[in-house]
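First, one chain by itself in structure tokens, the form predicted on its own.
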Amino acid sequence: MNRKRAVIVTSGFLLFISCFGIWSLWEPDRTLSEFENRVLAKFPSFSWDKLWSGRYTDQLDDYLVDQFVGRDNWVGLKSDMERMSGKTENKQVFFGSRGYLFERFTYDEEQLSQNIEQIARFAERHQKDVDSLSLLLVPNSQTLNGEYLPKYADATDTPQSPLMDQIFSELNGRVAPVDIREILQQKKNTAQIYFRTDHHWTTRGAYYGYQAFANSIGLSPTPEAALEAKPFSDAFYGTFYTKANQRDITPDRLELLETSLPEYEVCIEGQSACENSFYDMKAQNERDKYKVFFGGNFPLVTIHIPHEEGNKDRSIIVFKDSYANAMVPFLAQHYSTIHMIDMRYFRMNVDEYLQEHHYDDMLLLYSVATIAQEDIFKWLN
């Protein structure tokens, strides 16, 4: 490169940075990136201590990067360029075919062993107190849709099906396994079981999970034909989308599947008033539209349905992660009392709570990832 060309390139670069820098300072700061689903950095407060330690310059750097004008477009453009160069993943999310995104799954064997041991101890204490104590595991999307993974992704992605076999085997005799793999395989060609842009199963997938659970404990599940489908959004972008920053992907569709129920009550711990719906429809206007189901995750949710039929005067407690939120409404056809406990936030003594409330059935409903990765099952004991 000769001297003249170097001057032109350097001047052009400085002009570009200066124009966009001034434009960024002129634009009002944003607090949230809808595209990345995260809070953006604010202008840092100044102190000599922060300046001396380097924290002020680090925070200022974060602020300038986050508030750079057109940030969402630049982030998306970067992802597009990486895909065009042949890159098949971004931030642990694989770019699959047919618009599917998949998160790479890994786990720590020691954490998994500890979680299985904690569940076993808990089940040994309480299996005699209920008519049924079941464990329903929800595998990840690639367990069902592995043919859409990019080539060579399986070299770094741990399959969950063998883990499910291991968990069910080691808890054999303590919990009744609810293995949903077969029914999901049967339905995958006729129904959307998982979202393409999110880690959750769809309402339809949750319904098939409910079918398997109901059959496993002798309940007659509500027929699929009796459900009324109520689509409410064609613009759902989930957690994988925000991690991968892939702009040209088609959004997912969200729907409710409802049947008639007597007027019921949903009470969420910490809220002043109970609701009369499982669904928080205000969330359909938010970034995380999956929060439509119960408004998100809470330590304790209690549901009362005043069924007149005597065979529905039953109760169930569900220990759960967010996958249960789409499935629990189907259980309302069979129980007059449903309690949901999320061990990520519940800090009461579980044994005392179970002594205070009697339940006919107990269900542990978790994704395989939660069982394998989360350090939360110690709170059961």
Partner chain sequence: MVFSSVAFLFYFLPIALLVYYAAPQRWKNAALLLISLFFYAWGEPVYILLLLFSSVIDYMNGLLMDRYEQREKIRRFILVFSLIVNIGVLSFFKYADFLILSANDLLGTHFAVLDLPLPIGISFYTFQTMSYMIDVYRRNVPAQRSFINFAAFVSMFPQLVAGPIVRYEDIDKQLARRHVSMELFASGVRRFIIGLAKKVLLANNIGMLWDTTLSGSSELTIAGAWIGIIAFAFQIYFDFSGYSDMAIGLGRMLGFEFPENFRYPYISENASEFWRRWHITLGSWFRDYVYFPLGGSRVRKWRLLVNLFIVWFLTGLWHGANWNFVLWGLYFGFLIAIEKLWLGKWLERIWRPFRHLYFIAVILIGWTLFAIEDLTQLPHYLQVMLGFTQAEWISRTNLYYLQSYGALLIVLTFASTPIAARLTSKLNNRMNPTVMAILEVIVLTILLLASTAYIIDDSYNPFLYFRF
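Positions refer to the first chain, counted from 1. What you see is a predicted model, and the numbers here were worked out from it, not measured in a lab. Here the rigid core means the biggest group of C-alpha atoms that line up within 1.5 Å when the two forms are laid on top of each other.
One more form of this protein exists, namely the form predicted in complex with the partner chain; it is left out here, but the text below deals with it.
- With the partner removed from view, the residue among Asn115, Thr203, Gln211, Asn245 that has a non-hydrogen atom within 4.5 Å of the partner chain in the model of the complex turns out to be Asn245.
- For the candidate set Glu275, Asp129, Glu82, Glu170, a heavy atom within 4.5 Å of the partner chain in the model of the complex is found for exactly one residue, namely Glu82.
- Proximity of Ala6, Thr10 and Leu51 to the partner chain in the model of the complex is complete: all three residues have a non-hydrogen atom within 4.5 angstroms.
- Although the partner is absent here, Glu27 is not a contact residue: none of its heavy atoms lies within 4.5 angstroms of the partner chain in the model of the complex.
- Heavy atoms of Ala41 never reach within 4.5 Å of the partner chain in the model of the complex, leaving it off the interface.
- Taking the partner from elsewhere, Ile217 is found to have every heavy atom lying beyond 4.5 Å of the partner chain in the model of the complex.
- When contacts are judged by a 4.5 Å heavy atom cut-off, Asp154 counts as touching the partner chain in the model of the complex.
- Residue heavy atoms within 4.5 Å of the partner chain in the model of the complex occur in exactly one stretch of 289-297, 191-199, 74-82, 174-182, and that stretch is 74-82.
- Along 52-66, a non-hydrogen atom within 4.5 Å of the partner chain in the model of the complex is carried by Trp52, Gly54, Thr57, Leu60, Asp61, Leu64, Val65, in order along the sequence.
- Once both forms are overlaid on the rigid core, the distance between the two CA positions of Thr337 between the shown form and the other one is under 2 angstroms.
- Superposition of the core reveals a Cα shift of 2 Å or more for Tyr56 between the shown form and the other one.
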